[in-house]
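What follows is a single chain, given as structure tokens, in the form predicted on its own.
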């Protein structure tokens, strides 16, 4: 295994800082207790400094330096004055802290100034509690492991607290997640007991004292990092606050190498998956309802909810155990009662809700909080207890006219200590609540009025207009053409009956029956001819039938010619049978006529099809 190498550039930086060791001699730290908590992926330090003013002038601020590798990963910093001891110990509120660049101080350090509520006079003393939270300081070592390996983590720091002031007595305690340690730096007055490593006490340390230490230990706590969390809080004055959280999560611990065996993991998850995490717990406000948990595929059923009067716990389990380097994306959403989070003060309404993530085990690299206010909200202001990037946009939803104002708060490197309450103040008129219901009522009213008008209004074209007259004339022409087609079809049926009578004659030789069929056909054809005359007269006189009339006349002509040929054939066959002529002789006599009949029948059918298409 590779050996852990400390950053030698830090030694140069701290050696350079020693040249400034006399610049802050007025203040002295008589006692300093520092605790470093390494039980999670975050490094939490708590420093108790008893500061004394041995100078002539009063002091109004205390300087806190951080080396570059800590300053760029500093997520949270707070300071407060502590009074009393042990059980009677009490703390004041957080003191103002701001970044500064004091003159005559090492430029290689990042400096913060803690403003005291009142100046520390000559000979005075106070106890200052400083809390800092760092992200991405712990380094998996080795950086890649197999499924069966535990995760080892390396932590680097100094056994001496970096301070621009002389420290009379100081000690350091490092809290580990479990008593298994691969190695740690052993110095004078070092003690390892249980899950704690203690350095010190060390006495009479000059400013910027520095002694590097490295702790290499087993840390299987989840390194759950949300590369981006978009949290949308939508206020509805109909009684609900809807919250939607979209997570893009990654396990930032030691990456898994080799194949993953789900069978081994299911059999011994604490051995074959010690470095993975399979669930997260979100602490939601009490009375949270309509809770859901889903991803891009759909709803995820592996979740559980417990609730009481103080909180609601949502346990979510991804679709697969999260090993180092693995990623997942999911969404959780829930509703909250409006009256628990929106209040009124001095004529304004304000939302009072927590800022950060409800999962205490998750570090957020980029958090975006969107507060969607009701449409018509005015005079909007935001109160946040720490610096954030603020902007405003507009969101359109159902029945919105001008859109809903959206306050966007963005912050990087967010830790659970940022899960503090924020306030969003705005003015909202109660009459605006009636806007959307009135829109719906008015919309339905207009719809029903339109239906009534449609049912009672006459949208037909005027009977005196040319277009209406032309339409009536065309309807009459269509009716006449249909009647014409019907008569033509009936004529063709008569023709077929004549042909059938000739076939019966050839089979039974009954001449009288054939003559009777001829007589009946003559009678029917005369009646059809009479019916056809008025129809032809109407079509000839109608201007709407100009295009179709040539075909009608051609059909009438062809039908009459076909009728004449059929009568000629019928007469010839009957005469031949009366004269006792042979069958072959009869066929020879009517052969030419039969060819003409076949050709005429084909032409008549084709003209009927053309007329039908028109």
Partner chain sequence: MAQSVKPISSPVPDSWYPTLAVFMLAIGLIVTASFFIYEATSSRKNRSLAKELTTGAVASVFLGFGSLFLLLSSGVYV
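Computed from a prediction, not measured in an experiment: that's the story for all the values here. Positions refer to the first chain, counted from 1. Rigid core (definition): largest C-alpha set, two forms, superposition within 1.5 Å.
Not on display, but discussed next: the form predicted together with the partner chain.
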Check your understanding: Here the chain is shown alone; which of 204, 394, 478, 510 has a heavy atom within 4.5 Å of the partner chain in the predicted bound form?
Key -> 478
Check your understanding: Exactly one of 366, 246, 147, 483 has a non-hydrogen atom within 4.5 Å of the partner chain in the predicted bound form; which residue is it?
Key -> 483
Check your understanding: Only one of 397 to 405, 182 to 190, 293 to 301, 258 to 266 gets a heavy atom within 4.5 Å of the partner chain in the predicted bound form; which is it?
Key -> 397 to 405
Review point. Is the gap between residue 419 and the partner chain in the predicted bound form 4.5 Å or less for some heavy atom pair?
Key: no
**Study point:** Exercise: residue 237 in contact with the partner chain in the predicted bound form, heavy atom 4.5 Å
**Key:** yes
Check your understanding: Counting only non-hydrogen atoms and a 4.5 angstroms cut-off, does residue 216 reach the partner chain in the predicted bound form?
Key -> no
Check your understanding: Do residue 349 and the partner chain share at least one heavy atom pair within 4.5 Å in the predicted bound form?
Key -> yes
Practice item. Go through 330 to 350 residue by residue and record those having a heavy atom within 4.5 Å of the partner chain in the predicted bound form; state none if no residue qualifies. Key: 338, 339, 342, 343, 344, 345, 346, 349, 350
Review point. Residue 320: CA shift of at least 2 Å between the shown form and the other one after core fit?
Key: no
Review point. After the core is overlaid between the shown form and the other one, has the C-alpha of residue 204 moved by 2 angstroms or more?
Key: no
Exercise for review: Using a superposition on the rigid core, decide whether the Cα position of residue 267 changes by 2 angstroms or more between the shown form and the other one.
Suggested key: no
